[in-house]
Ligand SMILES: Cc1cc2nc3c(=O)[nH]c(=O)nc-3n(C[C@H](O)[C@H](O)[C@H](O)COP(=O)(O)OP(=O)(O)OC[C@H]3O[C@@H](n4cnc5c(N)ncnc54)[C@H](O)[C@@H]3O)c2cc1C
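Okay, here we've got a single chain as structure tokens, the form predicted on its own, with questions on binding and movement later.
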């Protein structure tokens, strides 16, 4: 049976004092990225690792986002690990409880429970140059590790705008990813701020319950019909008893989405037909010309995330719904004031305003060579070599790192590609007898210059919109300007020519805490 790391209760030294436990790998986060890392580490024969999770259960964004209507916009059979197919998906597009339950099963099936440390929020990651290791400080203790896998994900820390008067608002205020389930919406006047992917699911789910729904929309999104249905018992039986049928279904979904990539990254003009379909979807769902004008984007489809819904437009057209085509400017008591001067009296405010994506908070807590912070390193924009490693931060590996996001396919495919790369890096270190590695300045710079050059012709750069894919300087540091297949090729194995190898010459002294 595989060995497991030390428990959260830190072991004692000879004099009874606590020692700092050391592991080969520390994984931060237990969403798809963190759990996938745990599975791949065990499969590679690396069992000396710990998974640090700030919450009290696994699931990442699928634990945190439990708002009404929360579901995935990627087909279920594609939104799962290749090594853990689920023949029992209930719908072609799964809801949050089913995805969270899937991640719990993965945790148990692959023996990850002994490696998990819950309520262990990482407050600092610091590279110790003399010891050639990372020191990880958490809310429940300290670990040291040869390598760190950061799997915190880009959709982890909610972003709520700083608005004058918001602190004095007398009603309830919460973000979509921190839903207040104790608050009864029925008969209330509710404001939803934002019209992105979360809001497009929340609005139809709560509209029938509330007395008045006011939606603050800075920029409308393009919405396509959602081809969702129940998975039949026959299909489940086939996928369970004859696994190749499930694999074929997954491969077909993958191939269809890969065929669409070219339109997003090289020939945005070919998206005109898709935009016409979205335009007809507005016309079918919205009969009022004034409302239709508010909800029609003035940018090319694909520039911002495409929304999928059959119920969004009917909900906005309902008698108890109002769309304010302006952002929220300030709060005066229980009155919300939009940038166009529109005033709305409400009982609660739900922010569907996204996350800290291009300014990941963990960057403020990571300190590499010479004590330099990752936030300082990234002050001109996030960048990494192959989305996975950063110069100045040896043996720090990212899952869903800079420029690894997708605009039209399953992120799980990208996660698995990065996990392949990380495992190869750890194996390579062992094979060559080195202690740590970091990308060269030249390799990292060349990779990102080429990447940004390719980004220039994508729909995200040419489509005429301002999206959350862009940082404060207008640089797209989130998405990958290519197919998932091309990214898998790029991360198949570590090229040592792109790296500096570091080797420890003196043994690490055993540390004993006072």
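Because the structure is predicted, anything quoted here is derived from the model rather than measured. Positions refer to the first chain, counted from 1.
Not pictured, yet referred to below: the form predicted together with the ligand.
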Open item on the list: Is residue 281 near the ligand? Define near as a heavy atom within 4.5 Å, in the model of the complex.
Closed with: no
Open item on the list: in the model of the complex, does residue 478 come within 4.5 Å of the ligand, counting heavy atoms only?
Closed with: no
TODO: Although the ligand is absent from this view, report whether residue 411 comes within 4.5 Å of it in the model of the complex, heavy atoms only.
DONE: yes
Task: Partner contact for residue 305 in the model of the complex: the ligand, 4.5 angstroms, heavy atom - done: yes
Open item on the list: Quick check on this chain: which one of 122, 382, 193, 147 has a heavy atom within 4.5 Å of the ligand in the model of the complex?
Closed with: 122
Task: Partner-contacting position among 373, 152, 344, 142 - heavy atom within 4.5 Å of the ligand in the model of the complex - done: 152
- [ ] Tell me the stretch among 456-464, 484-492, 40-48, 65-73 that has any heavy atom within 4.5 angstroms of the ligand in the model of the complex.
- [x] 65-73
- [ ] Kindly confirm or deny that 53, 59 and 355 each have some heavy atom within 4.5 angstroms of the ligand in the model of the complex.
- [x] yes
- [ ] May I ask you to list the residues of 27-43 that have any heavy atom within 4.5 angstroms of the ligand in the model of the complex, in sequence order?
- [x] 28, 29, 30, 31, 32, 33, 34
